[in-house]
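Shown next as structure tokens: one chain only, the form predicted on its own.
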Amino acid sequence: MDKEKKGWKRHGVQALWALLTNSYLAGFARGKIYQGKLKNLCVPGLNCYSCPGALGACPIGAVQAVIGSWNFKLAFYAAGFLMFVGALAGRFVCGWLCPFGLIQDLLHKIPFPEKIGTFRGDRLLRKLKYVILIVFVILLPMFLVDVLGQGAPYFCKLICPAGTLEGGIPLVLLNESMRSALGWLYAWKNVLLLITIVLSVMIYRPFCKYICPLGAVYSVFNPISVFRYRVDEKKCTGCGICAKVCGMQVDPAENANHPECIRCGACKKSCPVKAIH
């Protein structure tokens, strides 16, 4: 019960951050996107720029925008922001601040006959997020351009289910003119969102494990970030409890700062000898 309460405390932090970064309530009332100066700033987690309530920009969207534009004046800011956040906290952002991470956490709490922890090909499939980062976030916006030499945000446009949930669906519901212009792309994005929702009930954070390019960026910094885990080998008894409670299937005793670790703290709370700090 105590562990469950602590888990909900983390969800409370996630929810509070989601509300703070999506607090432009007038956007939901008017069906319009906030265009103020705060939109020039990135938020740490995956949070759709086109959400009616969003006050900041998604770092992945920002990276695609500067790569696909002839105007590179913000390129250093977008890249520097990702490096700074990654070097400071690694994937702590995924576990504590990302709104779409919260949605997946809550969906996974829905009862299901048999939750899927791992499966054949799981480890290989986790490499997919790095492929998506390189291809859809970097290469396509850089080389697949229009007559003016500008690329499109291909990850946001073709894949991102967070953008569909936070931006696409609310804007379509609030704007009658948009509903008349819907096509195959909107249907495709909703199919991807539906698949993500169903999988989130069965698998813990499937989007974070297999798809998210932001998680791919932050994962590189996990072993070297300022905020990271340490295991006291003198205290550790090798009981394996920490590995059993990890939803990301990481063994902290073997590698406390594995690229897949989202710093949720479940291992630290479960350790009977308090060996994880």
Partner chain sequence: MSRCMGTRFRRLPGLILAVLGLVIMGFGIYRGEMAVVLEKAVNICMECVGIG
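Positions refer to the first chain, counted from 1. Predicted model only: the values in this text are computed from it and were never measured.
Below, we refer to the form predicted together with the partner chain, which is not included among the displayed structures.
Interface residue among I116, L192, L182, V145, judged by heavy atoms within 4.5 Å of the partner chain in the predicted complex: L182.
When you look in the predicted complex, the only residue of I211, V217, M248, V66 with a non-hydrogen atom within 4.5 Å of the partner chain is V66. With the partner chain omitted here, the record of contacts in the predicted complex names 170-178 of 170-178, 91-99, 194-202, 134-142, defined by a heavy atom within 4.5 Å.
Each of L41, C48 and Y77 places at least one heavy atom within 4.5 Å of the partner chain in the predicted complex.
When contacts are judged by a 4.5 Å heavy atom cut-off, I224 counts as touching the partner chain in the predicted complex. The partner chain is not shown here, and in the predicted complex it never comes within 4.5 Å of any heavy atom of T237. The shortest heavy atom separation between A87 and the partner chain in the predicted complex is within 4.5 Å. A residue is said to contact a partner when one of its heavy atoms sits within 4.5 Å of a partner heavy atom; Y186 meets this definition for the partner chain in the predicted complex. Within 4.5 angstroms of the partner chain in the predicted complex, the stretch 11-41 places a non-hydrogen atom from each of I33, Y34, Q35, G36, K37, K39, N40, L41, taken in sequence order.
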